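Take a look at this one chain, the form predicted on its own, written out in structure tokens.
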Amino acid sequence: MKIVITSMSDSLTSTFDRRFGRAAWFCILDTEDEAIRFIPNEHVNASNGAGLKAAETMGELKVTKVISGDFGPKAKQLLDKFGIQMVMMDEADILIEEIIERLNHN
């Protein structure tokens, strides 16, 4: 299972980014081999449709779950179409490593 967490930068000590389409980075956690990697969001500065483009990226990456603060209606619709679970978190100052630790204990 691949889980994406939206992140402000590219390390485990990065802060969670509550934006989906405008998140600077995506942290990808692969639960099969416990690999963690970060990829930049190529559409963070798109003039429009950043959420939709980010949702397309999730589909291309074959992600099964995305953790973010919110999803726009078009992004939500496309993620639903791909069968990707959306998890919303309100915590602004939580670190990526803390979210991963919570996932590992659930």
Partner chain sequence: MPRQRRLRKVVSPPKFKGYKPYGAREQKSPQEEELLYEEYEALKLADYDLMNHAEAATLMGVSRATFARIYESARRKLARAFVETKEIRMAYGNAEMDQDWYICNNCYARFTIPEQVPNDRCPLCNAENIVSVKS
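Residue numbers count along the first chain shown, from 1. It should be emphasised that the depicted structure is a prediction, and the values quoted were computed from it without experimental measurement.
Keep in mind that the form predicted together with its partner chain is missing from the display, and what follows is about it.
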Answer among 22-30, 51-59, 35-43, 68-76 for heavy atoms within 4.5 Å of its partner chain in the predicted complex: the stretch 68-76
Query raised in the report: L95 near its partner chain in the predicted complex, any heavy atom under 4.5 Å?
Result: no
| query | How about Q85: is it within 4.5 Å of its partner chain in the predicted complex, going by heavy atoms? | reply | yes
Does any heavy atom of M8 come within 4.5 Å of a heavy atom of its partner chain in the predicted complex?
no
* Is the gap between M89 and its partner chain in the predicted complex 4.5 Å or less for some heavy atom pair? -> yes
Residues in 20-55 that come within 4.5 Å of its partner chain in the predicted complex by at least one heavy atom, in order, are none
